[in-house]
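Here you get one chain, nothing else, as structure tokens; it is the form predicted alone.
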């Protein structure tokens, strides 16, 4: 596709910087489908010849596209249009009890429903003293301990999310929550088996640029932000039973909610 791609010429009277004009042309080619996911962007030499500019100008243009998350550079091969992982919707019923009763945790049920192949790795389970934020959300005393379950979620082999659940130790101990495989229905099914019937979830979401470890874990392209979501699960008697601290690749998700009008 790159060989047959026709790019426009520079506008000599535009006050827009030359490298930004070049980035605009390539971006438009991507948006129009002239360059599809996985296609190679024209080489630096080809772009230099077409536009009659220096190599540094071309590199600045390509850097703009990489910072926007549109392209990715592969050492020794060139620059390619970034392939995006499947988009997964966070539907309003993703934590519905029927999924747990079918033996499926929310991520598995939702991903399979969208036609993707879910998997989980990097599972670590420890008993720790909670942070001040977690202790406050779980309404814990100063000496209380929590069980921390960290993991990474993947769709079709592409990492899309990391999560750490914090469950009061008095709830988690003696259950399969302490094992890498938390069993059918996931940790929420185990919490309900312990006698804490789930009633509601409260989520707080913000968008930010990723930390270095998050870039590595989620294999994020330059310029791709993340959603940082903190969810608290409550039992029917109002007891908070879990806090989940989640970081999600923003280009892997559409956040979909159904809200009552009353």
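Model, not experiment: these values are computed from the prediction. Numbering follows the first chain given and starts at 1.
There is also a form predicted in complex with another copy of the chain; it is not shown, and the following applies to it.
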- Would you kindly say which of 123, 178, 96, 144 lies with a heavy atom within 4.5 Å of another copy of the chain in the model of the complex? 96
- Query: Even though another copy of the chain is not shown here, does residue 32 get within 4.5 Å of it in the model of the complex, heavy atoms only?
  - Reply: no
- Message: How about residue 198 - does it come within 4.5 Å of another copy of the chain in the model of the complex, if we only consider non-hydrogen atoms?
- Response: yes
- Give a yes or no for residue 207: in the model of the complex, does one of its heavy atoms lie within 4.5 Å of a heavy atom belonging to another copy of the chain? yes
- Message: If we define contact as a non-hydrogen atom of the residue within 4.5 angstroms of the partner, is residue 43 a contact of another copy of the chain in the model of the complex?
- Response: no
